[in-house]
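Taking the form predicted on its own, here's one chain by itself in structure tokens.
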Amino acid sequence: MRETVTNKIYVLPENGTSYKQLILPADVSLQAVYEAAEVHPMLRESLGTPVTWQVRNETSVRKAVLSPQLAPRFVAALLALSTVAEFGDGEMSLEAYLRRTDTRPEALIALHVPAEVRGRVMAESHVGRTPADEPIVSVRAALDVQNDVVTQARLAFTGAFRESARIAAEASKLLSGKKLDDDTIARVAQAVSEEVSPPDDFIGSEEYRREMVKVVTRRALEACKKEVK
């Protein structure tokens, strides 16, 4: 287990890996995350409007993880970026932690977020009523690409599952080992729209949310495609 400073956001240097790691101590506020120069733009964007500075000041990283509905896009960004949760007695992926149905470790110490990953392209897309409202559906995509082929893909949604934020597993399966071409993008968008289990409420019906999942998935993957070099 790595030694963690518990009151300061910082970046660990490369140490036998192909990337650095951003360390978000559990006790720091979301406002500190939002203001930190070291924080990835995807994380900063996820804490912008409609999340207010009051909410950011009152909510710690720990509280955001334990109550994802407070800042769902932030949690989705963490999931897309393959975040690892550090506890007093070990580590596990944030995705595995959020999906556990048995007793969860209580002593969350910090989140470890891979940073400056070589070959990684990222994009965000959302639909909403107004810029001041939480999006009806949103996605954050992080794709690792080598020689024009996707080696790993993570698409994290809000408003598309019963959970506040969740990875779409089907997207990773369909994108892995493929080139990011128009046909692949169309198949992934359709598959994800069939995988999701969206809520049906006054903000958006289940049918509408499924259709918007297709739209935001396609937009995000098309944006990633433009970034592939």
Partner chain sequence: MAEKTNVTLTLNNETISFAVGEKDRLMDVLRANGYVSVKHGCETGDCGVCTVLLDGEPVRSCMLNAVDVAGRSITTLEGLSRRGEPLHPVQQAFADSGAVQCGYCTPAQMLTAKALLDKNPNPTEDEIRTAMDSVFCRCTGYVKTVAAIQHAGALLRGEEATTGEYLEIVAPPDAKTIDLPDIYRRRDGGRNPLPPLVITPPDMPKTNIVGKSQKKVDTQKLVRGYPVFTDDVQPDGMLYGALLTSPHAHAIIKNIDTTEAKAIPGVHAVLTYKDIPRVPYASGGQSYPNPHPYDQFSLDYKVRHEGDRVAIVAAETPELAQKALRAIKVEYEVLPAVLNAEDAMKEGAPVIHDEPDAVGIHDAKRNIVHRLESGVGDVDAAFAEADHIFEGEYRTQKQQHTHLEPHVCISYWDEDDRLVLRSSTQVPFHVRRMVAPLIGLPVKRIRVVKPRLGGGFGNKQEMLLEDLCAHLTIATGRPVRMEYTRKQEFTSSRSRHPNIIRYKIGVKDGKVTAADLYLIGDTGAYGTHGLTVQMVGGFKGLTLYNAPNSRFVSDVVYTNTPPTGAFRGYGATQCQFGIEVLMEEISEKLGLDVVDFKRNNWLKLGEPMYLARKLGEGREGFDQMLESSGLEQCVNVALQATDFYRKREAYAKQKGTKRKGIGMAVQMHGSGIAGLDMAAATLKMNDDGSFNLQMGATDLGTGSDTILAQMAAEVLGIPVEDLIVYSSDTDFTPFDTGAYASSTTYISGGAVRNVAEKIKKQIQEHAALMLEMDNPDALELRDRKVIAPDGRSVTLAEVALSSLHQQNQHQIMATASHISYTSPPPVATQFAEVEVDTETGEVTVERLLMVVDAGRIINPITAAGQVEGGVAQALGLARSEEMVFDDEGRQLTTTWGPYHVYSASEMPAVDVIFVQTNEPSGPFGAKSISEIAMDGVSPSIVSAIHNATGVWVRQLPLTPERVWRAIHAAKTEDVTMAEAVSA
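Note that the structure is a prediction, hence the values are computed from the model and not measured. Residue numbers count along the first chain shown, from 1.
The same protein also has a form predicted in complex with its partner chain, omitted here; what follows describes it.
Contact with its partner chain in the predicted complex, judged as any non-hydrogen atom within 4.5 angstroms, is confined among 148-156, 75-83, 89-97, 123-131 to 123-131. Not displayed here, its partner chain is kept clear of Q69 by more than 4.5 Å at the level of heavy atoms in the predicted complex. For V113, no non-hydrogen atom is located within 4.5 Å of its partner chain in the predicted complex, even though that partner is not displayed. Looking at Q31, you'd find a heavy atom of it within 4.5 angstroms of its partner chain in the predicted complex. Although the partner is absent here, R219 is a contact residue: one of its heavy atoms lies within 4.5 angstroms of its partner chain in the predicted complex.
For a residue to qualify, one of its non-hydrogen atoms must sit within 4.5 Å of its partner chain in the predicted complex; none of Y10, A36 and L43 qualifies. With contact defined as any non-hydrogen atom lying within 4.5 angstroms of its partner chain in the predicted complex, the contacting residues in 40-59 are T49, T52, W53, Q54, V55, N57, E58, given in sequence order.
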